[in-house]
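In the block that follows, a single chain appears as structure tokens, in the form predicted on its own.
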Amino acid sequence: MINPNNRLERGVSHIILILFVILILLPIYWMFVSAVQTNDNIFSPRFHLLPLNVDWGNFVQAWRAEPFGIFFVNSIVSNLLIVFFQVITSSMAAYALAFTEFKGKKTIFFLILMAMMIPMQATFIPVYIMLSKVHLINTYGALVIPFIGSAFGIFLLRQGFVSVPKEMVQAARIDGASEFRILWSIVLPNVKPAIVTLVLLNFVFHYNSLFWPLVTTNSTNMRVIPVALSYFLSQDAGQQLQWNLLMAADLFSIVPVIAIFLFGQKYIVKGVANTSLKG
């Protein structure tokens, strides 16, 4: 028999969760309502939860307002390259921190944690100067190279690696397996949630990044989605700004992010759970 107190607690918990879901989804719903209306309807003094006049052509007009095809390609290609290289570099560094013994290992791990606290804005000037000296500004190199290594990626994978039994690694070494073989065949298959979490979080973070692409690119052919969306805000201010087109562009711009989260949401929960501080 179900305890009435437990039933009441569950009911209250569900109500609170439903309210939080509504609060989270309300801005997205309002984006949709604004995207299918005219500017006059958006700023109508009459409150309305449903669009007054639906115009699906706003999505077509927003797409044609800027070369979004180029922007999508630049965003996806640069983000995939960043994720690819980060998985390689982070997994090798995390393996060294988790399964090898060397002098100063704890100090290096501490410095990695400290590096996670340094914002990009504190280092972008010297990085920009170095990229400029090798003529990589306004190229994929400028978008990708500064993020090949990631302190967060090393931390995340290291915390996942320490959950792999060391006996498995030691047995593989006794059998003559190389360190790269152990990493590829034993460790990585056992930490798929951590790897998928790193891929998803990195992709979403860099997909939404505006500051660095805005600084290092200066031509339409190299611009990315966040920079393209900022073009709408650089037009006339106030009600002359085409808010309906901006909302339409926002909606089709977040489709890749929503899709990738729906694909990997179950791995994210496992991956984050494995990052509890260990060792």
Partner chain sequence: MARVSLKHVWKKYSEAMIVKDFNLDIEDKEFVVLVGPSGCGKTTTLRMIAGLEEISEGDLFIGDRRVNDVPPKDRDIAMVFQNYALYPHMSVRDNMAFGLKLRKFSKSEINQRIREAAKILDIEHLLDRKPKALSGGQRQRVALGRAIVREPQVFLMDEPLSNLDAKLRVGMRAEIRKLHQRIQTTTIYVTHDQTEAMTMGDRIVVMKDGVIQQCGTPQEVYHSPANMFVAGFIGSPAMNFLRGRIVEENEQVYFRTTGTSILLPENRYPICRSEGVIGQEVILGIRPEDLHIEDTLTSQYPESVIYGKVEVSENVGSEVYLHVTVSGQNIIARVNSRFYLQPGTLVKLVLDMNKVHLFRADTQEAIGVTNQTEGVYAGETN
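Because the structure is a prediction, the values reported are computed rather than measured. Numbering follows the first chain given and starts at 1.
One more form of this protein, predicted together with the partner chain, exists but is not displayed; see below.
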I'd like to know whether residue 108 contacts the partner chain in the model of the complex, with contact meaning heavy atoms within 4.5 angstroms.
no
Would you check, heavy atoms only and a 4.5 Å threshold, whether residue 149 touches the partner chain in the model of the complex?
-> no
Discussion item. Under a 4.5 Å heavy atom criterion, is residue 118 part of the interface with the partner chain in the model of the complex?
Written reply: no
Residue-level contact is defined here as any heavy atom of the residue lying within 4.5 Å of the partner chain in the model of the complex; does residue 162 satisfy this criterion? no
Partner-free chain; cross-checking the partner chain in the model of the complex, the single residue of 87, 145, 186, 127 with a heavy atom within 4.5 Å is 186
Checking 190, 100, 132, 208 against the partner chain in the model of the complex, the residue with a non-hydrogen atom inside 4.5 angstroms turns out to be 190
Within 4.5 Å of the partner chain in the model of the complex by heavy atoms, the stretch out of 70 to 78, 150 to 158, 193 to 201, 170 to 178 is 170 to 178
